[in-house]
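For reference, the chain that follows is the form predicted alone, supplied as structure tokens.
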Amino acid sequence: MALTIAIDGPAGAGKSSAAKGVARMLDVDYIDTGAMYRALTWWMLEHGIDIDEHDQIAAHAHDPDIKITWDPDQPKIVVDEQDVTAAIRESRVSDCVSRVSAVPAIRSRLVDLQRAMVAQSVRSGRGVVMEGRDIGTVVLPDASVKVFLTADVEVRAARRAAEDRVRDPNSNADHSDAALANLKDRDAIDSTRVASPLTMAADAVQIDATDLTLDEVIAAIASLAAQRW
């Protein structure tokens, strides 16, 4: 059977960067489930759906067509034939994605899609590293390796603010306070939602990336994969 790695953790912990690095090192597919939730959030905002009205969101959960690439070097997500890879990283999406993700109909649709993608990867013999909030607990409860990646919220906020400055170099805004407030809000929503709340799987290994470099995190996850698979 092919290797399956589940990486969960709070927003801004570095899951995407770590998962990409692990995928490159082990030559497996990479699936960013957070990008899928961002894509649906972007679509809701574009179509004027009130993100505080769960019934409206649920009614449109299956409307957009979503496609995502599995190459860690060329991550791309397309919604209704439109490339939204950059658009889903905008602050307006970041501010709303946890609320949209909390809607059970949204999670149900995307969990089914994510499992189908993993099944395809496993059938091909490639293997996969998938990151998100509920991968080890809900999407892939039988994953070969489960990691819960975390870091202090202040460190996560500083990293997120730095990313925001790179995406918007011409802005004079101080992104630090906004990033910290956003992450605290997302942590609260992700951890308390009814559908698939953020929690560490009982058999997951926690990695605290507060004082680790990205390369150290990647090496730790790859070492776990070598030990267990």
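Numbers for residues come from their place in the sequence shown, where the first is 1. Because the structure is predicted, anything quoted here is derived from the model rather than measured.
There is another form of this protein, the form predicted together with a small molecule, and it is not shown here; the text below is about that form.
K.L.:
Going by heavy atom distances of 4.5 angstroms or less, which of 11, 209, 218, 23 would be at the interface with the small molecule in the model of the complex?
P.N.:
Going through each option in turn, the one that passes is 11.
K.L.:
Have a look at 84, 143, 118, 97 for me and say which one sits with a heavy atom within 4.5 Å of the small molecule in the model of the complex.
P.N.:
Here the answer is residue option 97.
K.L.:
Is residue 147 part of the interface with the small molecule in the model of the complex - any heavy atom within 4.5 Å?
P.N.:
Judged by the heavy-atom cut-off of 4.5 Å, residue 147 is well away from the small molecule in the model of the complex.
K.L.:
Test of understanding: in the model of the complex, would residue 34 fall inside 4.5 Å of the small molecule by heavy atoms?
P.N.:
Looking in the model of the complex, residue contacts with the small molecule include residue 34, since a heavy atom lies within 4.5 Å.
K.L.:
Verify the contact flag for residue 54: yes if a non-hydrogen atom of it lies within 4.5 Å of a non-hydrogen atom of the small molecule in the model of the complex, no if not.
P.N.:
Result no; residue 54 lies far from the small molecule in the model of the complex.
K.L.:
Since only the chain is shown here, I'm wondering whether residue 156 would be in contact with the small molecule in the model of the complex (any heavy atom pair within 4.5 Å).
P.N.:
Taking the distances in the model of the complex, the answer for residue 156 is no, it never comes within 4.5 Å of the small molecule.
K.L.:
Only one of 148 to 156, 74 to 82, 118 to 126, 89 to 97 gets a heavy atom within 4.5 Å of the small molecule in the model of the complex; which is it?
P.N.:
The contacting stretch is 89 to 97.
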